[in-house]
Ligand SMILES: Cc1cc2nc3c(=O)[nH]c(=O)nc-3n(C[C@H](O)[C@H](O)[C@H](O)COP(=O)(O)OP(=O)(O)OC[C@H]3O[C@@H](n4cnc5c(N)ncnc54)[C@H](O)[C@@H]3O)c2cc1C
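Form predicted on its own, single chain, as structure tokens, below.
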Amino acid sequence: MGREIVIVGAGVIGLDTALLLAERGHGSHITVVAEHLPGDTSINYTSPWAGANFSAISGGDTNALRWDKLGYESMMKLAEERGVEACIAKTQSLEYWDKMPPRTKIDSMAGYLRDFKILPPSEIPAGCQFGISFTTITVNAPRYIQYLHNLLKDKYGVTFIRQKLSKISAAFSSPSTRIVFNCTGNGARVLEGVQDAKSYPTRGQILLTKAPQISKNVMRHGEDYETYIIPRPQSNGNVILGGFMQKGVSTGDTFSSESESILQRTTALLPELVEGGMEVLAAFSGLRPSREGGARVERTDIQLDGTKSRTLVHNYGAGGTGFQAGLGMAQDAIRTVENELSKLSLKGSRL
């Protein structure tokens, strides 16, 4: 690992971090080290299982609201400029709440979401207290991360190494490594040198269906559940139906009772699923990398065997918001090491 910048983890958070660094000219300085890479499937590799979309599922704290805004603006630009190749698309979205969401969250979303509209009571399902419509971004999650993987390798010269690290200090095995970004998601719970007790998995189960008549995103936010319908771009009519938010549950099994619950809730929310014909293709489960108090985006220093301290930036714990907030989180993570990055740029200019 003879590279100045090492990113540990190749989920969407790690890939977003690599992308922003590469766009700033650091691609040849970056090595991504990960147990799993785009194209793999594992219960311990969350990103391929995501819905995925931009939604109001995130928290209402200041960081979450800022990351959502930054992520939305970045993903919207990507959808407009490279949507087909990146497998992301602008899509109409309808979102409903069983209980009124915080005013700060509503005001924040209203300030940047395109075509934002508060729905009148006549357009809200029974049992809901609030609803909005806006233009969202839907993402074909497995194909999007493969797009980022190929872009980073082929255009920017980023190196990828398949390796499971037992401790975060191993990312500094090369003396030339100046900065390490820890983007290990659920791995942050057990990775030696991190072992974040605040981290925990949040299990979800989804259904992959064929329903080409569905072109809009629909979500219902309950007190202890989430119901969602997400058309998957560049997939010949596939639609993701969900789901569950099971805190602390770490099984990768899928259950017929949960599939039945998803079908009941989604078809009640959007009858067009049944009316236009729908085929259930498969059921999947994934473990969102959640964290008490929200995601951790923080610079620290690490001491290695008596040598001078080196820079470690933590960037993990996005829960179910990795695709929508990842680019915003990456901006904040990179901002913590601007001085070190400027030194790398100067070094690179002399090579």
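Position 1 is the first residue in the sequence shown; the rest follow in order. The model shown is predicted, which means the values in this text are computed figures rather than measured ones.
FYI, the form predicted in complex with the named molecule isn't displayed, but the following is about it.
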Checklist entry - Any idea which of 59-67, 280-288, 296-304, 23-31 reaches within 4.5 Å of the named molecule in the model of the complex, heavy atoms considered? => result 280-288
Item to check | 94, 87, 179, 191 - the one with a heavy atom within 4.5 Å of the named molecule in the model of the complex | outcome: 191
Checklist entry - Only one of 158, 270, 239, 206 has a non-hydrogen atom within 4.5 angstroms of the named molecule in the model of the complex; which is it? => result 206
Item to check | Candidate spot 44, 53 and 163, all three touching the named molecule in the model of the complex (heavy atom, 4.5 Å) | outcome: yes
Item to check | the named molecule contact at residue 233 in the model of the complex, heavy atom, 4.5 Å | outcome: no
Item to check | 4.5 Å heavy atom contact, residue 5 to the named molecule in the model of the complex | outcome: no
Next on the checklist: Is it the case that residue 136, even though its partner is missing from this view, gets within 4.5 Å of the named molecule in the model of the complex, heavy atoms only?
Outcome noted: no
Next on the checklist: Just checking whether residue 18 would be counted as a contact of the named molecule in the model of the complex - the rule being heavy atoms within 4.5 angstroms.
Outcome noted: no
Checklist entry - Can you name the residues of 321-343 that have a non-hydrogen atom within 4.5 angstroms of the named molecule in the model of the complex? => result 321, 322, 323, 324
